[in-house]
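Same chain, two forms, each on its own as structure tokens: structure 1, then structure 2.
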Structure 1
């Protein structure tokens, strides 16, 4: 495993909301074709950290960040990097489902491709079906692809957003609690999807579900109060953590 090339190397990443220091110097390497889980108590900065990696964080008024994140050796924060192009390579599933209003289920999935200029109907349909199947939603929506995306249930909307992110085919996918609104069956399907994705892609997933992290993630990061407490192979973090804080957290003694 250690021989793998790093797709993403984060170095001393910091993030602020105004004066509030939300992420305080996180450094982690993400090997290609791996899944890394980020765990930690609510409010510790997991979402903020993830949102720095596709530069959505800087869209929040008053928010800023510093540090480096090398995507295949290129710092994503460098002035010459176009965030638009970057986000085609680092996709994201948000913590809250956010389907586009007034767009149909089908359009929601393919809107990214369509607006990138792909007009071929057959290809769009094929992509929509493939991505919806991967997101474990196809069976539920195949007969109503032209209904509005917002008409779905919360958990279905979340899977729709997963399908939408997959359609752009980004080599790195950030997932912020993708299964927190899902039932166990759909969750299991999404975990399966992550294992699938790992064949080609790199996945970073925030989760509050320790079993899930232990099941799917090759590596796990434990974040607390904006600081990276511990990072390592999941089997070590969950069975034999070096830090007592990590052990306290995963055994449920706090947080």
Structure 2
């Protein structure tokens, strides 16, 4: 079996909020067309780490980071990299669905393309349909594309946000606890969708649900107190972890 090339390579990533050291020297690689889950107790730095990867962390007053994250060989923290452009290459789906309230379902999906200056109606329609299909939402919304995105159910709104992230075709898609605000049926749909997305994208998902990580992820990273305790194929992390801290967490002895 040929090894997959790495789309994203993180080297000694550190993050602070003022004096608080939230992420402590994380280094790991993310292969193409794979899903990596990040697990760990609440407050261990999972979401902060994820937000560093598309440079949202630095928008917080007093927050900073250091280290490298190479996206297809280019350091995302290099001075010449525009954070807004970067976010088109490293998309993000948040814990709470956040469709733009003033925009229709269609406009929500194509907003990123319009920001890139694409005005061709046929191109926008084609992209909207393709991304809504990829997000398993097309059949549910195809007759109401001009209704507001916020008119949809919570699970549909989350899939709409995924379609919006996909429209600019990012190599990497970050998902920060994408099912935590959803019911079990909607959560199962998002999990199924993740499996489809890895055919085309590298997906990194923060989850507090270890069963979800075991079900969907090819690789799992265990973070504790801002440090990467262990990273490896999910079946090894969940059945035969090398670190006793990982085993203690997975078996529920703490966390």
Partner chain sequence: MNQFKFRKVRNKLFLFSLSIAAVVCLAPLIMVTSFMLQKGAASLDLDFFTKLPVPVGEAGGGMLHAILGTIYMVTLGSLMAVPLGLIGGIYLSEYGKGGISKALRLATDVMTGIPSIIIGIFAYILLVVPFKSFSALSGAVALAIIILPVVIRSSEEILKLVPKHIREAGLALGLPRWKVILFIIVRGNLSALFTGVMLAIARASGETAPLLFTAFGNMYLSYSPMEPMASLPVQIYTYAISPFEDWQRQSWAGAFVLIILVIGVNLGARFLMNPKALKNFLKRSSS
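Numbering follows the first chain given and starts at 1. Quick caveat: nothing in here was measured; it's all calculated off a predicted structure. The term rigid core refers to the maximal set of C-alpha atoms that superpose within 1.5 Å between the two forms.
Here the form predicted in complex with its partner chain appears as structure 1, and structure 2 shows the other form of the same chain.
When the chain is split into two rigid parts between structure 1 and structure 2, residue 159 and residue 212 fall in separate parts, each C-alpha being assigned to the part whose superposition fits it better. A rigid-body turn of 13° separates the smaller part from the larger between structure 1 and structure 2.
Note on residue 109: its Cα is shifted 3.9 Å between structure 1 and structure 2, core used for superposition.
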